[in-house]
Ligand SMILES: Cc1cc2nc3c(=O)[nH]c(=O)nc-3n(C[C@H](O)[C@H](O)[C@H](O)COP(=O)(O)O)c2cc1C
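Shown next as structure tokens: one chain only, the form predicted on its own.
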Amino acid sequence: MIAQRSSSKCLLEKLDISYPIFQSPMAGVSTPEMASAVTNSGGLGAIPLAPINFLHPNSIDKLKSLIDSYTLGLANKNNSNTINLNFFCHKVEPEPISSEIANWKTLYQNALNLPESILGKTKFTNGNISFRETEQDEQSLGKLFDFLEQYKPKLTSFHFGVPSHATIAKLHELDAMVFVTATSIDEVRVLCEGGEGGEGGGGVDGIILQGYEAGGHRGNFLTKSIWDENLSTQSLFQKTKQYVEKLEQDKRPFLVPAGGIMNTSQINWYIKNGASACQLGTVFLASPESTTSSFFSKLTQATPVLNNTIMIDVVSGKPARCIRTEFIDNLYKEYQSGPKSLPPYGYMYSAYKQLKTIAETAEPDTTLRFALNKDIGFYLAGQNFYQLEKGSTREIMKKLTTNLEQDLQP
């Protein structure tokens, strides 16, 4: 049973942090250095684990390496388990069929004017193994739990879906809190009460309320697109607050809005209105601790802002909000006029990343480099990215925490 909770201070005490600021995990963008800087500044750093295949024999070594890098950057090594370990928990995907692979190649061939010889170098392997697959492998899951039992992370979170009741119970035994992303009130109900589409459901400690303006992959796991309200962060938060206030006190989860939150006044508003913390990601994109800092640092200098964002699923296979570029526009236009059946998420995203790596490492005089004389990056960001400012993660955190309301100060 979930312990009674209602305030931001309750969550801060449980996590042993000073400020109600969670760093968004941002797989492929955030780094252990960003996470340690956030934790050093009194917030909760996060390490995304989506790129790790826990079915692989050396997966725990990779996890340990990330934890070691995070711990190395901490001012207080006793805070090494003050972290959010984030897993992707989407439905297990079938391997792509030949027509889906052919459609993907046609899409990129037309959008980038690439020859088949280049596209043929990409391999359709699953680059994002779901945590649900790990749950189905007793040995792999046991090794992961053995590590977590020793490490004892303060918080674990899940995106794209809900882990099993058994997993939630085991994580609670290890004193790890369990948070899950929701994008609709239907998903919130599943997380609080269980039900269709959430094979776990019920018993979660907190909910990351991801609004439609948020950057990165949209974490919906239940709502079909035709019924999705595309709620803003504020609307989703307010609807969820009304819902959870009708639950018994000991069943009310911590609420953590995420999406469009870029400054202290927005954090203050959410906390004063009942949120337990706020999750921020886009605000850190121009920092040197971000892997995409060079791109976003240039955007902060643009006047007026020339780029918009778009929610698109033809790069990775799942809807994600990113910056519109010539590459994204061309890809989307080709998709609109071409075949629609493409490979599943993990396979499709892996193929894109392979192509991007091939392009970045190609010699300047090759056919590939000639064809890709443009940036083919997939730059994930929220709608409020235009408010980005330069500065290190530490400097950004200092600015965010300096003017927090007095009752939020440690």
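What you see is a predicted model, and the numbers here were worked out from it, not measured in a lab. Note that residue numbering follows the sequence shown and begins at 1.
Keep in mind the form predicted in complex with this ligand is missing from the figure; the text below concerns it.
- Taking the pose of this ligand in the predicted bound form and superimposing the nearby C-alphas onto this chain, the site is open, with no ligand atom within 2.4 Å of backbone or C-beta atoms.
- Contact annotation: this ligand lies within 4.5 Å of heavy atoms from the stretch 379 to 387 in the predicted bound form, the single such stretch among 65 to 73, 32 to 40, 379 to 387, 52 to 60.
- Shown without its partner, this chain lists D313, D205, E93, E213 as candidates; in the predicted bound form, only E213 has a non-hydrogen atom within 4.5 angstroms of this ligand.
- A single residue from the set Q279, T167, S287, T240 has any heavy atom within 4.5 angstroms of this ligand in the predicted bound form; that residue is Q279.
- Using a 4.5 Å cutoff between non-hydrogen atoms, G346 does not count as a contact of this ligand in the predicted bound form.
- At the 4.5 Å threshold, heavy atoms of N86 reach this ligand in the predicted bound form.
- Interface membership of G260, defined by any non-hydrogen atom within 4.5 Å of this ligand in the predicted bound form, is confirmed.
- Heavy atoms of L44 never reach within 4.5 Å of this ligand in the predicted bound form, leaving it off the interface.
- Using a 4.5 Å cut-off on any heavy atom, the residues of 23 to 49 that reach this ligand in the predicted bound form are, in sequence order, S24, P25, M26, A27, V29, P48.
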